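Here's a solo chain for you in structure tokens, the form predicted alone.
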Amino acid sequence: MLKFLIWGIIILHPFVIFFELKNFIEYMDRLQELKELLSSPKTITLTTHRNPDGDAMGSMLGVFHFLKRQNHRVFMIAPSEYPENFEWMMSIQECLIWDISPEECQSAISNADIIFALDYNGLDRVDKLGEAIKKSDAQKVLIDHHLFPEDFADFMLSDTTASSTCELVYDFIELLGMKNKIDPIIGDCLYTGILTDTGSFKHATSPKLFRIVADLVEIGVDGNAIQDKIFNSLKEKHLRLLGHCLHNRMEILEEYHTGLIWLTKGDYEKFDIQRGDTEGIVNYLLSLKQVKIAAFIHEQPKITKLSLRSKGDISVQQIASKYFRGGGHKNASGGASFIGLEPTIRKFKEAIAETFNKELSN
């Protein structure tokens, strides 16, 4: 089965493509096949990863509105609920949640002619939804920017240099020759994913990305309004939680230029922490001049999760994959542990010490 992969080595506008000429020609042939597949109305189901963020929901909604305008019948599925600060996005209420309506989600997968996998690189990222996708005979399209995509899709658009999956959705629509179909509603969705995955344009940016953003603004996207809807819609508990994290749960490992914030299950109960409430807390650590690596470690009922961030050339992706069964991007990755909160914190500190000692010995 022929695939096309975009890996970020040779510049061939509008994508960065790891391909010799003959492979590029094959890629274009495969693209034409996908164009033909989408040329007549289909039943299409869009999926994204558990604990969906702005890029997950933005890319899925952007593709949703684009395909609906081409007269396709389109469904959206997320394994778990999305954060409240994205509820303003048009049609987000149409997204099915596997944890809430598994039978309805299963029906949407079973009846699909085409399934899109957006903002995830492996079926384990979507839990039980992944099992349904694997069994489906539908054509599968993957659009994602994470490292090491699994080989489960019939059409694969994977660029690890992209800022976000929303950036790739813009490129995808442009490759289909339908850039003029990107209207302000689609633009709002794509801008949301780009904005959130770049930390408000603080990282993972490129000249190409800013040209895309300029195009979105030119068609009527109001970036200030989107910033306001996403970041200025907090509840009182969010600020109290942030204060608790910075005053009671922050530790700085000076010798390793590392900052750490952790939360217990008791903290989750005390502050009534819901999905999305802790988004962005880890980034406050990076505002300290001496901190190069930031970690947010939080205790869940059956698992301890880690969110890792870094500055410059330091790769937290390697730390996440080596020590915590995780991965992601060079400067933003995640992982998990099953040994409890305190042992996980100790393991993280040991991993940081080992990483820095290795760097010093090289």
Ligand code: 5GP
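One-based numbering along the sequence shown. Given the structure is predicted, the values throughout are model-derived calculations rather than measurements.
Below, we turn to the form predicted in complex with guanosine-5'-monophosphate, even though it does not appear here.
Using the partner position in the model of the complex, report whether residue 335 sits within 4.5 Å of guanosine-5'-monophosphate, counting heavy atoms only. Yes, residue 335 lies within 4.5 Å of guanosine-5'-monophosphate in the model of the complex.
Closest heavy atom of residue 307 to guanosine-5'-monophosphate in the model of the complex, within 4.5 Å or not? Looking in the model of the complex, residue contacts with guanosine-5'-monophosphate include residue 307, since a heavy atom lies within 4.5 Å.
Quick one: does residue 279 come within 4.5 Å of guanosine-5'-monophosphate in the model of the complex, counting heavy atoms only? Residue 279: contacts guanosine-5'-monophosphate in the model of the complex.
Can you tell me if residue 329 lies within 4.5 angstroms of guanosine-5'-monophosphate in the model of the complex, counting non-hydrogen atoms only? Yes, residue 329 is a contact residue.
Identify which of 292, 238, 72, 146 has a heavy atom within 4.5 Å of guanosine-5'-monophosphate in the model of the complex; exactly one of them does. By the 4.5 Å criterion, the partner-contacting residue is 146.
Which pick from 35, 68, 311, 325 sits with a heavy atom within 4.5 Å of guanosine-5'-monophosphate in the model of the complex? Exactly one listed residue reaches within 4.5 Å, namely 325.
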